[in-house]
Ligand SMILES: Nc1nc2c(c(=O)[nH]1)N=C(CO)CN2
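Below, in structure tokens: the form predicted on its own, a single chain.
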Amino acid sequence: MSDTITLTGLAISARHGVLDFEKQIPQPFVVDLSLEADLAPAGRSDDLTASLSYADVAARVVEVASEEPVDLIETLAERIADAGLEWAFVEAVDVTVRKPHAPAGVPFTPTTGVMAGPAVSVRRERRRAVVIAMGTNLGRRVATMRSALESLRALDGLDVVHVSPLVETDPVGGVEQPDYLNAVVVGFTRLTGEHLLAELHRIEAEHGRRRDVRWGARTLDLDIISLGTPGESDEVRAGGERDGVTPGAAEASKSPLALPHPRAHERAFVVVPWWQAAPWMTLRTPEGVVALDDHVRALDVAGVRRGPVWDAEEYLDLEGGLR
């Protein structure tokens, strides 16, 4: 579950309501705002740039409430939630707007800790398409892939929608090593790229991943290939290098994020299973955004072969466990 920044009891004077006088005479409104985000980088660094200024958030809420009057506090809550998601590292927003002096024609009695009057609460989450590549070439490969897939499905903030078949692929990078099993997962996430990458590193570490040799053999590799829709406003584009040598999982969590993955478009072991999972999607290449279906047909796929099925009985031992 994400961390939260909460502003409670923000008092605002604004002109919203169905009646004419409510749009002319300012009335009191009270806003509670909760922003979900990964606050671990800010907590570790004590750096404001890794978080956000509460004063800036409060000022933005006041600015939104001071804009053109609306009839419904539902609309005001929606606008405030949209404003909360303007900060790139915010993953979800909970907003409650109270109107204590609403002309409802009936009295409201305050209860302990709660202001009297009508209130509207909304929750809005960031939702972006995400493509995650999976790979392994050490140990019990099918068992590892199935376990990693279950970890992805259990990850809060990630909705797995499509999963490719398993493919077996030749290793790339020049390091002598066993063949890989690869797959691609397609879904939606509210998590930022940095937060999702940290969670993928955690899952890799739980499966024994080490980062001693660049492009070397690995028990599990999880890569974000694309976040958002290529060419659309929600596409995340970030520079960085993620394939370098790092001394361990702790340092790996500090790796810069590169999105979209800078070499995914040329790697058949990514593109083929991605196409098998969601052939209607698009991907970004150095030449621009192209249809995945067109791109895979122009790619050299000689090193990619059909792999075992995810739930094949031959991968179960006599005790019913994976081997």
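Model, not experiment: these values are computed from the prediction. Residue numbers run from 1 along the displayed sequence.
Below, we refer to the form predicted together with the named molecule, which is not included among the displayed structures.
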**Asked** If contact means any heavy atom within 4.5 Å, which of 265 to 273, 288 to 296, 48 to 56, 23 to 31 contacts the named molecule in the predicted complex?
**Response** 265 to 273
**Request:** Check whether Asp221 has any heavy atom within 4.5 Å of a heavy atom of the named molecule in the predicted complex, and answer yes or no.
**Result:** yes
**Prompt:** Hey, in the predicted complex, is Val172 touching the named molecule, heavy atoms inside 4.5 Å?
**Reply:** yes
**Asked** Are any of the heavy atoms in Gly84 no more than 4.5 Å from a heavy atom of the named molecule in the predicted complex?
**Response** no
**Prompt:** With a 4.5 Å heavy atom cut-off, would you call Asn182 a contact of the named molecule in the predicted complex?
**Reply:** yes
**Item:** in the predicted complex: members of 274 to 305 within 4.5 Å of the named molecule, any heavy atom
**Value:** none
